[in-house]
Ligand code: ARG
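Single chain ahead, by itself, as structure tokens, in the form predicted alone.
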């Protein structure tokens, strides 16, 4: 496999974001521990929460947002973080979803990125990978989760493709089924994370490689780690005052958005956003 020329900075900059308005958002199946058909989202309230997130990102944080239209048969397509893993230079490794319910999203995302001039890379067959939901490109390394939604074979592919080290972190709690639900890169080597989502070895790896802000169980359950970071701005789910305090102590400007209707499907702010990086 040819290795892509990837830069060595540990501070990749976000050029814009990809979002998907919740025109067909709903809860029609159960594929994670948060989803219950008896507790479906209020669609009107979901629209209000999504719109508030969009407005904060575009008007207060000031980052451009690209939109993809939601397919009617893809109720979870609003969670664009799972579309793939973007790399600098308009490149993206597309996701290969584990569950058939989400596999219907794949051709729509592939068509979108090809139409927008991205160089598209596909995971090998039978190797599940759920994009930025389970992997973060940090410039000089990739941090990736596995077991719940992504197979560890995807980590090997990412390393071979980019020539970068991939830190493999095992997720052990069904409630934190994607890395972005329990691990929040904040820039440089600073991260917030919920330790109990990981096995003992992954916790040791995180502590050895990063300066960490542990997240409490109560705020982890409010999806505190599932926040959007753009420079020194953090947009996070409402109701996480402890993490907010630590972020502000580190010089971040913090915005809160109610995310109740998306948490019902197992997602929040970051799940609704895909980082598209500068060249």
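Positions refer to the first chain, counted from 1. All values derive from a computational prediction rather than experimental measurement.
Form predicted together with the ligand: not shown, discussed below.
Taking non-hydrogen atoms only, residue 133 approaches the ligand to within 4.5 angstroms in the predicted bound form. Shown alone here, residue 102 lies within 4.5 Å of the ligand in the predicted bound form, counting heavy atoms only.
Heavy atoms of residue 259 never reach within 4.5 Å of the ligand in the predicted bound form, leaving it off the interface. The closest non-hydrogen atom of residue 95 lies beyond 4.5 Å of the ligand in the predicted bound form. Of the listed positions (169, 81, 184, 197), a single one reaches within 4.5 angstroms of the ligand by any non-hydrogen atom in the predicted bound form, namely 81. The putative spot formed by 46, 49 and 237 is not touched by the ligand in the predicted bound form; no residue has a non-hydrogen atom within 4.5 angstroms of it. Residues of just one listed stretch (246-254, 59-67, 207-215, 28-36) have heavy atoms within 4.5 Å of the ligand in the predicted bound form: 28-36. Of all the residues from 174-195, those having a non-hydrogen atom no more than 4.5 Å from the ligand in the predicted bound form are 177, 178, 180, 181.
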